[in-house]
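One chain comes next, on its own, written as structure tokens: the form predicted on its own.
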């Protein structure tokens, strides 16, 4: 994996980058020393190196056993409890897996409060053999708890309690919480979310690894990529790619570039960007600080958001994920009449055209006043995705410390929950409900 700052030089001086690089190196040291803000949630740093081959073999074996008897796997969770798994699975899956009969189909619930969504999901499952992976430390988070209530009842009605419990896997707290209590009572297969790993950093725990294994992908290669990146990013020098990324982000932020757009030119990386948005937005957006995170799929969004990026307010920068190698060989055919005037492209790889669109866009956006950071991975496979995940996690921890916030809590998320519970009439919130209705 390479990170290229060539297209930021017109916006950030060498001295400014050097100053922020030293801050990022100091932040990386602080992360590894475990003495900074939120240090009780630093388990993700050494996590890849603590995952044993025996654990992965056992997890894959259990996943394969369940996988062999189902048409559909429903992953129930919200935020980091489903985004990491979905990002990896979508990245690695055939683009048309949902239509070509690939099994099991990987679906998701508990990430919204959609009545029609849940009704349509249950209706879809009527003639399908399915199982559920429910992911929650507490078991009481509203969105997934509602979805799991519905799916648990449906499973038990469809298969009976004995068979239903073999089709439910709980990924939860080691010793406490409503879901842990239920899992023990019912005898569900259970995996642990480590206490010192927050949800948005949890994709390399069973939160992500189990659904990815059920989907049929190589979790050992995924973890190996993360392990190698963990080694690279443990170095306290200016060559550390996560240090480089954190340094340039903060250097741009200090110059009022306070919106970062993650752009990709590979359609399968859409949900990787959604995972990244949560990771950075929830980690840095606090204390009146932080870079606002957004994402686009190019070249698709060049025909929509491209106008704003090119000519809109000049407070944004782009980080571009570029994929060097494609899986397939597809070229533009020639036609006799050349009515669309594309014969000049005949015989050229689709990806060659895409790469020129990428370069042309970067040059246009630079001229339009938009700094660009380029991150290139070799290809979209388990190993490279594992590298990318850990690179972004480490860069986020470093960047948060440079910004002087706690990148491992999310106090702002609780505000909407308090209001929602009060408005719904949750016991103990009666007085607050009256105040809110008054507003």
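Positions refer to the first chain, counted from 1. The model shown is predicted, which means the values in this text are computed figures rather than measured ones.
Although it is not shown, the form predicted together with ligand PA5 is what the next lines describe.
**Student:** Just to confirm, residue 141 within 4.5 Å of ligand PA5 in the model of the complex by heavy atoms?
**Tutor:** Residue-level check for residue 141: yes, a contact with ligand PA5.
**Student:** How about residue 208: is it within 4.5 Å of ligand PA5 in the model of the complex, going by heavy atoms?
**Tutor:** No, residue 208 is distant from the partner.
**Student:** Is there a non-hydrogen atom of residue 167 within 4.5 angstroms of a non-hydrogen atom of ligand PA5 in the model of the complex?
**Tutor:** No.
**Student:** Taking ligand PA5 as it sits in the model of the complex, is residue 225 in contact with it (heavy atom to heavy atom, 4.5 Å or less)?
**Tutor:** Heavy-atom contact with ligand PA5 at 4.5 Å: absent for residue 225.
**Student:** Which of 241, 290, 104, 79 has a heavy atom within 4.5 Å of ligand PA5 in the model of the complex?
**Tutor:** None of the others qualify; the residue that does is 79.
**Student:** With ligand PA5 left out of view, choose which of 233, 75, 136, 250 has a non-hydrogen atom within 4.5 angstroms of it in the model of the complex.
**Tutor:** Of the candidates 233, 75, 136, 250, 136 is the one lying within 4.5 Å of ligand PA5 in the model of the complex.
**Student:** Mind telling me which stretch in 86-94, 274-282, 322-330, 124-132 gets its heavy atoms within 4.5 Å of ligand PA5 in the model of the complex?
**Tutor:** Among the candidates, contact is made by 274-282.
**Student:** Going through 183-204 from first to last, which residues have a non-hydrogen atom within 4.5 Å of ligand PA5 in the model of the complex?
**Tutor:** If the 4.5 Å heavy-atom criterion is applied to ligand PA5 in the model of the complex, 183-204 yields 199, 200.
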